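Encoded as structure tokens, the following chain is the form predicted alone, with no partner shown.
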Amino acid sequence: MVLPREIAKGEISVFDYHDISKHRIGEYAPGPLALDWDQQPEPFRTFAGAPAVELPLPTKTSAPRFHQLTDGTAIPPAPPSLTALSQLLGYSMGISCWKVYEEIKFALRCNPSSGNLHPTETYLAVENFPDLTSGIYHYDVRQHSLERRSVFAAADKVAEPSVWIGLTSVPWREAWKYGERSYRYCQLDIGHAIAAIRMSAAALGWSVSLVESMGDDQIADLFGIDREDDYVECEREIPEVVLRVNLDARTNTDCKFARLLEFPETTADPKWSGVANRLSSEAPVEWPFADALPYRLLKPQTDEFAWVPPTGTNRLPTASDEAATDIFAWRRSAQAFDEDAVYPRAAFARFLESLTPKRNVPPLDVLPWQPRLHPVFFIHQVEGIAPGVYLAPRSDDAERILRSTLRGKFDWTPVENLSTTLPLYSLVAAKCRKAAKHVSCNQAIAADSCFAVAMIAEFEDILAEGAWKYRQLFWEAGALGQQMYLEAEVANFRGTGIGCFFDNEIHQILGIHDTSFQCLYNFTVGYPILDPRLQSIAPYAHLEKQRPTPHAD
């Protein structure tokens, strides 16, 4: 790739990209003036010629219930099997349903994505796993199968089964619609995926650990995305993160990955199988800053300190007693809200409590660093809480800094009797529907909801530790967003992630005048107004004749 001169010379930093990709009133971030629908990227990547292992179709199960994933209930670990692996992938990265409107048909997935474009691809490195040859696999979402890309020799055939998940991004899928701002959305989607995988694992009695120390070049080599011959004239992928699947409920913070690095050297057959499909018929449109940023943010191998969250559970009651797999499958992005709906106070308390990381409580226990993002709430209609702007600092250190950084006239009045670990402070009491709509690119969903959220990140100090941590900030935002989606669903409401917002307008409301904090993601929760024109089709109806669904439970 030929980099723009300024970026190639190192004259443009991650701070410059972040500023260039901001939306401003009257001047949105550079992007396409119109969408070329003929070039809309294919949402499903496949590798032609790679042997496929068909997974059993995912099944909805009556147990565990959603609240049991976080309230301390001991969930017996599922034995390793293709059925369990199917559940893990199907209820995190798989299709949740198909939507049909006249001649238009499109898939929704359990993991949300900006514009439903899904830049995230999923790979597995497995060793000694039942009914799977040890090797590298790509998850074919549409066919719910594993494409075997490479085979390696197991180190010890009697060793316990191991599963590692690698996530990559196809930047073009987002850039086709969003231009320079697209890199942000790719990273948010990685965060969505991390949390979705962690929650799906919890429903199996398993846990997930993020391998923070691994370098990007190592990830690319392990999963074969750096292989030029396999991507001829195809849209390339960039390495993101590796997750270790622990086949029990304990989150393992000691994620040594030496064995992972040995896999490419121990291949039983040095040949890789499969060639990537092309996603658009023409070469991607170039967006110089978004295209170059992955190379500026390459992460080296590092020796990271794994922060361990405090112990605790979320025992606050849910509004419904739904099964975990039902909540995973029902997750949707609302398109419109009933502005008269009121969010129950008890459900809001549980929503707030779920944003506090706790040891062995999914999904936020998967992030091995202290919280860096802090939600600002624009509350419209929550039972027993006056309309206004509120802040929930997710760490004591951040609260101290925020108090000295934000507007001096803010009230900082604590909201009493919420029974939450996370404090909630009223900054200013006022009706704020118009403000929430305004800062969210004038989208009505931010005003018609029960409340909207702006996620404020510790920015300058974190990036001083390494520019690649820019990605981690968005991962955390995406993980929080995924948790918000699920908590809204279990309360019989619905959420929507908002990637289009006027960054600096939010900063102005809060009194942020530098880069110490930056807004990375907006979210909104309310009672959805459904579109009766859309029909739903089961996620894998197209496979049911060839591959019957196993009996649930």
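As the structure is a computational prediction, the values presented were derived from the model and not from experiment. Residues carry their position along the shown sequence, with the first being 1.
The protein also exists as the form predicted together with a small molecule; that form is not presented, and the subsequent description refers to it.
**Student:** Is it true that Gly115, Asp189 and Thr496 each have at least one non-hydrogen atom within 4.5 Å of the small molecule in the predicted complex?
**Tutor:** Every listed residue reaches the small molecule in the predicted complex, so yes.
**Student:** Can you pick the stretch from 64-72, 498-506, 43-51, 30-38 whose heavy atoms fall within 4.5 Å of the small molecule in the predicted complex?
**Tutor:** Flagged stretch: 498-506.
**Student:** Might Gln443 be said to contact the small molecule in the predicted complex, defining contact as any heavy atom within 4.5 Å?
**Tutor:** The answer is yes: Gln443 has a heavy atom within 4.5 Å of the small molecule.
**Student:** Leu108 versus the small molecule, in the predicted complex: is there a non-hydrogen atom within 4.5 Å?
**Tutor:** Yes, Leu108 lies within 4.5 Å of the small molecule in the predicted complex.
**Student:** State yes or no: in the predicted complex, is some non-hydrogen atom of Arg394 no more than 4.5 angstroms from a non-hydrogen atom of the small molecule?
**Tutor:** Judged by the heavy-atom cut-off of 4.5 Å, Arg394 is well away from the small molecule in the predicted complex.
**Student:** My question is simply whether Arg332 lines the interface with the small molecule in the predicted complex - judged by any non-hydrogen atom within 4.5 Å.
**Tutor:** Output for Arg332 is yes: heavy atoms within 4.5 Å of the small molecule.
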